[in-house]
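Only one chain is shown below, in structure tokens, and it's the form predicted on its own.
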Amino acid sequence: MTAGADVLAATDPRPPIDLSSGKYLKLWQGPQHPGITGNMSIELTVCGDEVVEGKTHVGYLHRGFEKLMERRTFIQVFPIVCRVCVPEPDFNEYCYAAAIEELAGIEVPERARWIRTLILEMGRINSYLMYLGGQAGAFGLGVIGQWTTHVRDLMLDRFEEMTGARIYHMFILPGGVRDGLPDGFDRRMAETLREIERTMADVENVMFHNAVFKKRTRGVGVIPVDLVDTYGITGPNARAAGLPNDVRKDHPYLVYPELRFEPVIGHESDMYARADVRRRDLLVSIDLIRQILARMPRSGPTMSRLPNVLHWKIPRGETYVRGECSRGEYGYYVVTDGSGYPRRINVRGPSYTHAMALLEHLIPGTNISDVAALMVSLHTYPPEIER
């Protein structure tokens, strides 16, 4: 057993379960189930309505991205990376592009850096809106999902007019971005942000002031603060435990050092705290978008000059580039060997630790009716796990 495994075993000293005793029953939740965050399943062992063990099973959706990318040229990798996380693809585009730029010595134009930051905050809002609808739906508050889907669709309209696509934008390329902002974009974005703010006020009243939601989330699924580093917990799951972990502040990138904001934190580290941190962080992203549109350059290049990308060879090297997505630290470790293909690409997505090690630690002792809500509260996307 490795040293890391020793640490995890010490924090999770549960005896083996004897299924032959007749006391326990094994159930499967997913992969096709409304209480699953994507196509994955949990193998539950229950005693009555209490879960005594849960094991995650993935691989029901996209998989094998890393090896696929290692068999493509650098520009052919570009349309693959966004599939690693469907609801929030732009962070994959940014991390991959930034890694290639660092290895190839490419300078990104100032205007492109502002547009990249804008895109990442738009994607963060979209991801949070999807999460809030799912978290509310796990408790039967279906109307919240309808509201958040409506305003998320408005943000997808902004993505479509900027990039030509609603889901896979493929707008952040090595060297910059494909284009500037279309005419009238600022006005339409301002209208969209106001509509999202109005909707979030309704979400706060109906969801966060709801007595049933409070009773079923407060004190449930608590993540002890001493497990944050042990389990590699990042993003809102860590900030809800009182730790101001935010890559935008801890390891600044793009134009975040020029923007005014502070990481949103909570203290109870339960399902309610995690939901509230994400709700408030969404409002921070709205403010960041307004700051970006007020200060970004309106002229100048959006793309650096690149060599012939069909025969592009990157010098030998390795790097790790990280960013703060809606779920925590997102990173790409890229190794090149001087050829026209990546030697190695490894994706660090928050879902790997949150949906496997952390979920399996938190789930014992949970009522079976709370499994879906607990899973959603960790905010994970399965393709990041089986990538």
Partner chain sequence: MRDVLSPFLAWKNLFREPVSIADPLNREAAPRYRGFHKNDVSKCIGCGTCETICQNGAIDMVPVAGFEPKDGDSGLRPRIDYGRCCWCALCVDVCTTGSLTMSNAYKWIDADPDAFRFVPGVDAKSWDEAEDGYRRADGHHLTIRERVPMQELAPEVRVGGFDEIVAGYDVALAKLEADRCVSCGLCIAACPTHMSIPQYIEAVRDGDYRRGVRLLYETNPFSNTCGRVCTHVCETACALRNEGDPIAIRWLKRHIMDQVSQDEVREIIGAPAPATGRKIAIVGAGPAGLTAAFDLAKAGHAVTVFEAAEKPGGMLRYGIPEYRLPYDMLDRDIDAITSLGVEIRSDCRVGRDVAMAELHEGHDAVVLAIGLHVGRSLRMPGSEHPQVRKAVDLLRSIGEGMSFDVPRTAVVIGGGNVAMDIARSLARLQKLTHGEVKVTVTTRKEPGHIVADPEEVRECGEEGVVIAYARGPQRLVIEEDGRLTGLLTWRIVPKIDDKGRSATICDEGDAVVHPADMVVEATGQAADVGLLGEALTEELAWNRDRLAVDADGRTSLPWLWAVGDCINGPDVVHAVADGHRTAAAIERAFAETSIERTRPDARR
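Positions refer to the first chain, counted from 1. What you see is a predicted model, and the numbers here were worked out from it, not measured in a lab.
A second form of this protein, the form predicted together with the partner chain, is not displayed here; the remarks below concern that form.
Of the listed positions (G105, P257, G140, P182), a single one reaches within 4.5 angstroms of the partner chain by any non-hydrogen atom in the model of the complex, namely P182. Checking D287, E110, E268, E195 for any heavy atom within 4.5 Å of the partner chain in the model of the complex turns up a single hit: E195. Mapping the unseen interface onto this chain, L310 counts among the residues with a heavy atom inside 4.5 Å of the partner chain in the model of the complex. Among residues of the shown chain, R295 is not one whose heavy atoms approach the partner chain to within 4.5 Å in the model of the complex. Heavy atoms of P244 never reach within 4.5 Å of the partner chain in the model of the complex, leaving it off the interface.
When contacts are judged by a 4.5 Å heavy atom cut-off, P315 does not count as touching the partner chain in the model of the complex. Contact annotation: the partner chain lies within 4.5 Å of heavy atoms from the stretch 143-151 in the model of the complex, the single such stretch among 129-137, 248-256, 143-151, 274-282. For a residue to qualify, one of its non-hydrogen atoms must sit within 4.5 Å of the partner chain in the model of the complex; all three of T163, D202 and V206 qualify. Within 4.5 angstroms of the partner chain in the model of the complex, the stretch 65-99 places a non-hydrogen atom from each of R72, I75, Q76, F78, P79, I80, R83, taken in sequence order.
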